[in-house]
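Taking the form predicted on its own, here's one chain by itself in structure tokens.
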């Protein structure tokens, strides 16, 4: 029975079997030290002629880096430390090519992205992927515990959420179709059946944004709730963020430390997330020398400047209708304002969630569709949701990659997804 590297600390003196890949090797003459990497981490193997035998020791000395191994031995302690190692008694080396292209020297990001299929094996990249997996599971587990049903939306649609200028267009048997930029519109159909639903899957944006925070293909979690208005929606987002960060901190503390991140930073301070009205956000930005005319959306730099002043996530609320999507409900008392919010992560990071209350009145929604120059016939089914039993409802969307970038303290978003897609890259 094979075990994994992370379990060896509780197995001193036991005979075990491991399997993994040869990540590093040091030949010390009588002893050969090997770093074995598996899906849970790394462990040191110690090989000697006395225990392993001459033939297998020679084979281990000459095995190419990244060779796949099966090994058997006894768990022991590393002298002078609290970690463990495996004293080898048998090794099986599977065939592998020599000349692994990623070495110890510094490689540039373009080279590493070309070798992404191999770069993923590095301890740092593997740790990021484990944190990503835990983050995704935390999102789904929390929503399930809150009574949400997963609701899978199509990835090919005839409908654009916010216009077609930033969508990848397809020829769908002679008809125009698009890769979906959001599951939201379809999830709004789901709430009349299930009340609380969420989608989880890939989203596509054909915007040529060459920044540290944009991908053309990313994964999003998008809850949608019937009978929920904008401010309750923000309160739910706060509970959601606190829950998923706490779950990741608990499950991935070792990986976070490997990434030089303190798991404690994910345990947010007590107290509610502050709600900053759009007008107040403009005044704060002006005080920082960033003057923005009313009605303009905030730039990445604006968001980063604002978030530098906070020690926890916060909301910017009631954006002008003119800079929000067509489906957002206006404020009844100030119809020039939308019941829409962005949640920004603190510490100079910026927007992590966009959400809001959806328009509930069919006539208003139709007027907005026409105002945005959209084809109302394509949205006839969406208008039906208001005509037949429409209710106040709200939702939000969070990109997994952006949240993961904040959690792991990454400079660039390209490391947050197994294979990044950007305007310059569609391979490997």
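Residue numbers count along the first chain shown, from 1. Predicted, not measured: the structure shown is a model, and the values here were computed from it.
Not pictured, yet referred to below: the form predicted in complex with a further copy of the same chain.
Looking at 185 to 193, 283 to 291, 351 to 359, 103 to 111, the stretch with residues near a further copy of the same chain in the predicted complex, meaning non-hydrogen atoms within 4.5 angstroms, turns out to be 185 to 193. With the partner omitted from this view, the residue of 272, 295, 158, 279 that lies near a further copy of the same chain in the predicted complex is 158 [heavy atom within 4.5 Å]. Checking 369, 398, 32, 385 against a further copy of the same chain in the predicted complex, a heavy atom within 4.5 Å turns up for just one residue: 385.
For the chain shown alone, residue 56 is not a contact residue for a further copy of the same chain in the predicted complex, no non-hydrogen atom being within 4.5 angstroms. In the predicted complex, at least one heavy atom of residue 389 sits within 4.5 Å of a further copy of the same chain. Within this chain, residue 326 is remote from the site of a further copy of the same chain in the predicted complex, having no heavy atom within 4.5 Å.
By the criterion of a heavy atom within 4.5 Å, residue 318 is excluded from the residues contacting a further copy of the same chain in the predicted complex. Site residues 136, 173 and 226 are all in contact with a further copy of the same chain in the predicted complex, judged by any heavy atom within 4.5 Å. Taking a 4.5 Å heavy atom cutoff to a further copy of the same chain in the predicted complex, the contacting residues in 49 to 73 are 66, 67, 68, 69, 70.
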